[in-house]
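The chain that follows stands alone, in the form predicted alone, written as structure tokens.
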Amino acid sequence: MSTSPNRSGAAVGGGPGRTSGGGPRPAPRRALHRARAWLPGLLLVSPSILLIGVFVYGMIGWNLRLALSDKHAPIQEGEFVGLVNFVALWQEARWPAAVGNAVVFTVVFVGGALVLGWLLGLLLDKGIRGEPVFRTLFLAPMAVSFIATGVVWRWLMNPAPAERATGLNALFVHFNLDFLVNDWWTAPDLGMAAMALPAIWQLAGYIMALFLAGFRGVPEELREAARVDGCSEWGVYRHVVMPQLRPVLLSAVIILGHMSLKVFDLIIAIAGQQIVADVPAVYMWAMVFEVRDPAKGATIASYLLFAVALFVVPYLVWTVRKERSEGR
């Protein structure tokens, strides 16, 4: 296809990156053309990038710098000491105990919320009568703060003996179930397991919503095909539905795991600062606001950051790889 000449005899057009005379487009024009493609989007998100850079990553960097110093008093300057604070923290009796309590709380909380949420989601997926009402009731605790939950459950789990029992212990005594009366969160062995009960009650509805969305996202054709092949209803869920819910399960574990590792308000509302229910976040609060040891408080905060990263970073890596593989 030929081009029509202009008055000077030069061809008009010539494709992108070329001038009307057929030569290449000047470099400034090409740069301006490219800038128009990405500059508006950059300007739109630049305030968020600036705020996140300063108040998230900037604060993380400042905290790590403080954790690597010997600034053990607010008025002290502090010098770089490397990992001394990270090592010294494990030589204190309180820190390993707090970490152990956090591990017990995490295992019971994550496991209990997953099991209860899955059962509630399965119940609603079967299409029971009054599903909207039950779904609302199960999700209602999510609207309550951990502080309010802690205040209520502190009364429910009052460790008073049978003659002065209140809450759940009083209920057990009333129905002659005295063998169920226990010390709840004050028990030296299972106290943190009992402390996880309020958190399970509050988050199980949220996990139910995640699993219910996953159940409803499995095509009915797959279920019918499995039934035609002779699968029982349990077999349909085991071999067809549950494998489809692995992303939902992973997301639920990540959400619950990082919440449990940094739990603070629920513990404070129920037990205060009692050593039997001590966790890293409460220990950090005491170091910063009572003992006023900035370096030690920053060290505990760094450990919490690393623990949360162990949950979140693998999930982010898996998500990015999955998106790339699906895009190919």
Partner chain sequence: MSVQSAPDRVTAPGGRAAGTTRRGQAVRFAVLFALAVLFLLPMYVLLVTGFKPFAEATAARAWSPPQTWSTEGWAAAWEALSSGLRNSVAVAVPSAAVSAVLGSMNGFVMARWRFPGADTVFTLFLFGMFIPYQAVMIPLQQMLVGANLMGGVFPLILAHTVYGIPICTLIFRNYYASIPRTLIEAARVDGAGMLRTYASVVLPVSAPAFAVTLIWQFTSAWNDFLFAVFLTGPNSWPVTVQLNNVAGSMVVPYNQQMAAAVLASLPTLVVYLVLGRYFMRGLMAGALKG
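Numbering follows the first chain given and starts at 1. Note that the coordinates shown come from a computational prediction; the quantities given were computed from them, not determined experimentally.
Quick note: we don't show the form predicted in complex with the partner chain, though the next part is all about it.
Trainee: Answer with one of W90, F80, F179, W155: the residue that has a non-hydrogen atom within 4.5 Å of the partner chain in the model of the complex.
Mentor: It is W155 that has a heavy atom within 4.5 Å of the partner.
Trainee: Within 4.5 angstroms, counting heavy atoms, which one of the listed stretches 81-89, 254-262, 98-106, 185-193 is next to the partner chain in the model of the complex?
Mentor: The contacting stretch is 254-262.
Trainee: Taking G112, V241 and Q273 together, does each of them reach the partner chain in the model of the complex with some heavy atom inside 4.5 Å?
Mentor: None of them does, since no heavy atom lies within 4.5 Å of the partner.
Trainee: Does A31 reach the partner chain in the model of the complex, with heavy atoms at most 4.5 Å apart?
Mentor: Judged by the heavy-atom cut-off of 4.5 Å, A31 is well away from the partner chain in the model of the complex.
Trainee: Check whether A225 has any heavy atom within 4.5 Å of a heavy atom of the partner chain in the model of the complex, and answer yes or no.
Mentor: It does not: once the partner chain is placed as it appears in the model of the complex, A225 has no heavy atom within 4.5 Å of it.
Trainee: Give a yes or no for R94: in the model of the complex, does one of its heavy atoms lie within 4.5 Å of a heavy atom belonging to the partner chain?
Mentor: Result no; R94 lies far from the partner chain in the model of the complex.
Trainee: I'd like to know if R135 sits close to the partner chain in the model of the complex, meaning any non-hydrogen atom pair within 4.5 angstroms.
Mentor: Yes - in the model of the complex, heavy atoms of R135 and the partner chain come within 4.5 Å of each other.
Trainee: For the stretch 268-284, return the residues whose heavy atoms include at least one within 4.5 Å of the partner chain in the model of the complex, in the order they occur.
Mentor: Contacting residues: I268, A269, A281, M284.
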